[in-house]
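As a starting point, one isolated chain is supplied in structure tokens, in the form predicted on its own.
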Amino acid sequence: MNRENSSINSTTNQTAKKSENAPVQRWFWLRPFLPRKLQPYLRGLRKRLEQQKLNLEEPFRSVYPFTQVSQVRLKSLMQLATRIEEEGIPGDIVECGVLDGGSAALMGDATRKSAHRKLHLFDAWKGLPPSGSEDGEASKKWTGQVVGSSHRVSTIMAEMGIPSERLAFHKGWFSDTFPKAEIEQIALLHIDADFYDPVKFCLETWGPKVSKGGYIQLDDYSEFQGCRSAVDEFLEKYPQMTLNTYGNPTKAYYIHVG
């Protein structure tokens, strides 16, 4: 398997730390006029139209309308999910920040031979929570945005043939759902939670449960300063974990638990 990854270097870290902004918000002028509950369906329609212009292979083509994760990061997730299968890494798959289920379905597809691996899906499906002081002023505009749909998650899982028995939906804010979830061991953890507080909570709660040889992929390390700060602080506490990148020039960031 082609493993296009390399350890993150100091130059990349310095470049990331210079960026103190949140991502540019598409259709910012239209958002105030649209009911948030319509976001998942309008986003899905937009992405299906975009998809017609793209030459995507399966399973990336199928999941495209159900995710905002970039193609590079989806390919990285696919490789990491394949690795835990090939290397026999024990544990379940956990995703914190599911949106419409595209990235979760991709991981489920890559691990379909392991019917025992649960897919734990954590999301409030109410948009992003309020940002904090660590996230910077630019992040405030994202509060309440990026609303997902648990119904659309079920739709893509069915389309991809992921058995419902493998799925564990944890609907609600992380502070309410994490304490109730019974997860003993994790092979692959995907964190797409954007802001400092939720990313820190995800890492502190589930990071220690990732098996040796397992992986943690972080969707927002280079986009949101709060996410970057939470990850850097976590890594200082766990020197046995290494931060790696996949792809060039657009990158996916993931931790390999050694």
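Since the structure is predicted, the reported quantities are computational estimates derived from the model, not experimental observations. A residue's number is simply how far along the shown sequence it sits, counting from 1.
The same protein has a further form, the form predicted together with a small molecule, not shown here; the description that follows concerns it.
- Screening 150-158, 94-102, 181-189, 108-116 for residues having heavy atoms within 4.5 Å of the small molecule in the predicted complex returns a single hit, 94-102.
- With respect to the small molecule in the predicted complex, the three residues V69, P129 and W173 uniformly fall within 4.5 angstroms at the level of their nearest heavy atom.
- Using a 4.5 Å cutoff between non-hydrogen atoms, C227 does not count as a contact of the small molecule in the predicted complex.
- At least one heavy atom of A193 is located within 4.5 Å of the small molecule in the predicted complex.
- A residue is said to contact a partner when one of its heavy atoms sits within 4.5 Å of a partner heavy atom; P198 meets this definition for the small molecule in the predicted complex.
- Interface residue remark: D135 is not counted as part of the site for the small molecule in the predicted complex, having no heavy atom within 4.5 Å.
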